[in-house]
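Coming up, as structure tokens: structure 1 and structure 2, two forms of one and the same protein chain.
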Structure 1
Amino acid sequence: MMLHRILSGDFPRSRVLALALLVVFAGLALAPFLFPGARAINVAATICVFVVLVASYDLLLGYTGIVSFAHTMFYGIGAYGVGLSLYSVGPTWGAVFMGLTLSLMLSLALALLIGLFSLRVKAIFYAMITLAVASAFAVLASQLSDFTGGEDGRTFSVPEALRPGFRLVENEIFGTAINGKLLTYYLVFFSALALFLLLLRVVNSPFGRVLQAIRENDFRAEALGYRTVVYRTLANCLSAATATLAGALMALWLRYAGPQTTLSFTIMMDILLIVVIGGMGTLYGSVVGAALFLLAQNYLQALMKQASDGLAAVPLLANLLHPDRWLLWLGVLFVLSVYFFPTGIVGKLRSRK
């Protein structure tokens, strides 16, 4: 009964999917103790943030049928809001909450304006409008160098409890220091978990059912008495607010806010790829897709180097698996995943069930 409430009645409905979700959850929950090293914990924290970021975008694309290219703008607003507040005011919790509040207000205002003025047009025109707004915001962030730091971004200090030098317990536990870095990781992990479960609750509520009805046939939903523009605007605002919170978590983890880490169009493409790989209209797809994509992005090159070194006696295969060609093989893996899982990994597993 408790699990039913936590998952909002939306169970994986596939043993393979349930096992995959359990492995990802356990891996992220115990990452600092299972995978020592700065790189491993950084990848785990990035997966946590991207699960929330991708799930919030899936609320738009997968559940409501809205194609938007402005998602990284809201992500960047959250990162810059918290980062610039800490940079200007100082490393206090008050500065964190002030930056978070201001960034949420700005994101909701922009999402509301974009929703009210743009969601009445056809899908392709709305996508182009969001792309133009996001591009303008990225240029603005780069040009206002005195305020945002320009292309270099801003590095800032975080509250003392989140600094690596802070020790909650003097002795190590299972060989891991209980310091500020560990506390920051679990702040990111539990915040991401709470936001994901909140989105799961939203898509399984009557509001979420209306969004899916709008995605399937907006004219019929309008005929049934639902004001589709209102529902789309609310979905846009909710998605933007969640993306803003994800950006704030990333800023706290990196202790840095810059255009390449939050506003880059490459991040928007990564979000789209993860949604497609995991499965549109399935929030669980954001978990599986983000984990697979980011693990491949961070470790595929190292695995290819090992394989290339092991196949040195076969020059052709060694050259094909040269680590400099990791982007090529990442693209091949994406094509294969789309071919064998046209509805995404989660969609395929659930359809098999």
Structure 2
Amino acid sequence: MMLHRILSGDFPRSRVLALALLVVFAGLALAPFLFPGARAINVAATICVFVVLVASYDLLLGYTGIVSFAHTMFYGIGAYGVGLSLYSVGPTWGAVFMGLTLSLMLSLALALLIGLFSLRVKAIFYAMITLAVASAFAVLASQLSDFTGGEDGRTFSVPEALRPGFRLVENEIFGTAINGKLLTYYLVFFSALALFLLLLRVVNSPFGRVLQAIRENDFRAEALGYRTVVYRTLANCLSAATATLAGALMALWLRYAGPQTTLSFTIMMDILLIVVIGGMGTLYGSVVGAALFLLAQNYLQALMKQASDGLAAVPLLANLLHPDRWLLWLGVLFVLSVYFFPTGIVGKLRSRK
């Protein structure tokens, strides 16, 4: 009953999926104790942030049927908002909240403007306009280097409780020091969990049902008396706000905000890929997809390097397997999964019964 409330009545509906979700949840919740080492914990924190980021994108793509290429822009606004505010005001909690408020306001205003401006027309129109706006924003962020640090981005210090030097308890617990890094991780983890459950609540509410109706047949939804423009714009704003919060979490974790980690088109591509592979139109897809994808990204690239070095004698093949060509294989995987697995991993698991 309790679980029913927490998951908003949206159960995994597949044993394998439920098991996978439990493994991911347990793995992330206990990551600092299970997997020691800076790299493992970094991967875990990135997964937490990406689950929220991808879930918020799925609200647009999977539930409402809108393709946006500006999601990294909102993510970037969140990261830069917190980052620049900590950089200029100094490492206090006040600065964090100021940055968060300002960036949320900016994101909402932009999402509202873009939405009202272009969501009246077709999905394709919105895709083009967001692509243009997002690339202009990325150029702006790297050009205004006095303010944003340009291509190098900004490194900043976080409030004292979140610094690695800070000790909550002197003794180690299960061989892990209870320091500021651990606190930051749990801040990221619980914020991500809360945001994810909130999104789950949203998509299973009457509001979420209307969004799905718009996705299936917007003309019919309009005829039933729902103002589709209003619903689409609201979904857009909600998704943008969540992405902003995800960006802020990422900035707190990395203690850095720069164009490569937040605004680059590669990240947009990652988001698209995770949504499609995990399964469009189901938030659990973002959990499974993000976990699989980021693990592969962090540990498979090493494998590719080995293969490439091993094949150095074969010119073209070595190039194909070079770690920098990671995106090539992602692209192929992406096209194939749109064709053959449009419902993604979650859809496959659910239909298997």
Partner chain sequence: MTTTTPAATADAELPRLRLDTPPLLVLPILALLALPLIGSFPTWVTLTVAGLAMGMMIFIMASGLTLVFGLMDVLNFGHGAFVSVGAFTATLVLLPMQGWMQADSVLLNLAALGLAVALAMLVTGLLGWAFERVVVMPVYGQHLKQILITMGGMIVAEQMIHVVWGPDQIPLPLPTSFRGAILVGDAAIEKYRLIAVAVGLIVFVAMFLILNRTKIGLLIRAGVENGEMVEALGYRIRRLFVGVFVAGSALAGLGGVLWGLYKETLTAAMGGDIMVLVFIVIIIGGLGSVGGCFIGALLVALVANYAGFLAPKIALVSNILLMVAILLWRPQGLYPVAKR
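For numbering, take structure 1's sequence and count from 1. So that the term is clear: the rigid core is the largest set of C-alpha atoms that superpose within 1.5 Å between two forms. Remember, it's a predicted structure, so these values are computed and weren't measured experimentally.
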Check against labels, form predicted in complex with its partner chain ends up as structure 2
F11 C-alpha relocation of at least 2 Å between structures 1 and 2, rigid core basis: no
With a threshold of 2 Å on the C-alpha, tell me if Q301 counts as moved between structures 1 and 2 once the core is superposed. yes
Core fit, then A38 C-alpha moves 2 Å or more between structures 1 and 2: no
Students should find the CA displacement of W329 between structures 1 and 2, rigid core aligned, in Å, to be 6.2
